[in-house]
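Just one chain is shown here, as structure tokens, and it is the form predicted alone.
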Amino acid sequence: MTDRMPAGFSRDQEGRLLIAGRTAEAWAAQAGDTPVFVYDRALLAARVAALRAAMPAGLQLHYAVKANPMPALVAHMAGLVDGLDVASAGELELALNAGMAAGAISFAGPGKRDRELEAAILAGATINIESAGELHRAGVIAGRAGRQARVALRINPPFALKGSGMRMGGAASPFGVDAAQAPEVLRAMAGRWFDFRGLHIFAGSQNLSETALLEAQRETVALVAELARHAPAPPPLVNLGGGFGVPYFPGDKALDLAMLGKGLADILDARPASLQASRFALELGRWLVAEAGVYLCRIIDRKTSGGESFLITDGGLHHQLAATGNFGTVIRRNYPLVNASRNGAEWEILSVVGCLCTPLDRLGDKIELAQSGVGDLIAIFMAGAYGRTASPQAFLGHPAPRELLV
């Protein structure tokens, strides 16, 4: 029996899980308690480098902060990428504190309050406008402040990214302006209080099909070329969105970056003359950070019920909602999960659960593990994205998990 672990992780001669060259137990001790998220900065840098090597020259890379807003991690990513994409005033402040230039920050989200629009305008960040009403409010606020608002238009495209975990186009949506309505909003961006910065189209997420991703990018470029005729100027930047998926489950296959890079290069090389001066960007979150993170929790009890063995840990869905199958997953499947303390010759079928009073708190369902006991550490991989801040931390009043960037 072998562990199912992402690349970049291994075990020492005693069978203990190694993260960034040290044992999981050493990191837990450094954190002072479990549960703890551990993020490997070298894996983050390698991820960015691999993407840059495969993608067309000049293509910008933006990090979507919502995937993991740990301040130290965002600061690390700010030094690796070309821009940060935020979705709240809190994330805007975080991005600025991370050292990212305001002009390289874009602010999306369908419900920006006036004070958030004002913060973005005063900082000099680009607002991804999601409706005609939002554009009007931004103009009023900019005029009152005597400052131009940097604005890009987010489009709700008439197509979806096929096979995505979450579709963001091809249907009625609270996100962006429908393509049919976009010309009118683009013409309004010629107003004196606006500085037009480009277009943003996001068609879907968590996709593992190179063919589907390239088709969406091809349709995106064609749509941008059509809409650009109505814009105040050629779009300085076109945000192609992201959607790159990661292989969480058995049978999932990692994306072929070389194929994606070549395909996107062909698409951009063939773009119309009206977009020749435009820069293009990918906006990625999960793909950049998911595989660099591990969630460590400790077994505090072991019990048998109805012939099934349970390992009860001090972790749970209040920190790792996605791993329990309660974050948009239709069919619950196990994330990669191992005993981090040992890799013995004997294996058994166990269910790993958290400490919460709900049957939903199941981290691993009937999973094969090295023989495990009280005090052992459990490691859940793919924990770098949508972990701590995408989970109901306040549920039942347990302490917040620790976090380490190592």
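For clarity, every value in this text was computed on a predicted model and none was experimentally measured. From 1 onward, residues are counted along the sequence shown.
Separately, the form predicted together with another copy of the chain exists; it is not shown, and the next lines address it.
Annotated contact segment (heavy atom within 4.5 Å of another copy of the chain in the model of the complex): 311-319, selected among 188-196, 270-278, 311-319, 96-104. Here is the short version: of Asp301, Asp82, Glu215, Asp256, the single residue with a heavy atom within 4.5 Å of another copy of the chain in the model of the complex is Asp301.
This chain is displayed alone, yet in the model of the complex one of Pro158, Pro71, Gly261, Gly328 has a heavy atom within 4.5 Å of another copy of the chain; that residue is Gly328. Of the heavy atoms in Pro392, some are within 4.5 Å of another copy of the chain in the model of the complex. Among heavy atoms of Pro359, some come within 4.5 Å of another copy of the chain in the model of the complex. Taking the partner from the other structure, another copy of the chain in the model of the complex has a heavy atom within 4.5 Å of a heavy atom of Ser88. Among heavy atoms of Arg342, none comes within 4.5 Å of another copy of the chain in the model of the complex.
For the three marked residues, Tyr39, Leu51 and Ala75, no heavy atom of any sits within 4.5 Å of another copy of the chain in the model of the complex. Taking a 4.5 Å heavy atom cutoff to another copy of the chain in the model of the complex, the contacting residues in 129-143 are Glu130, Ser131, Gly133, Glu134, Arg137.
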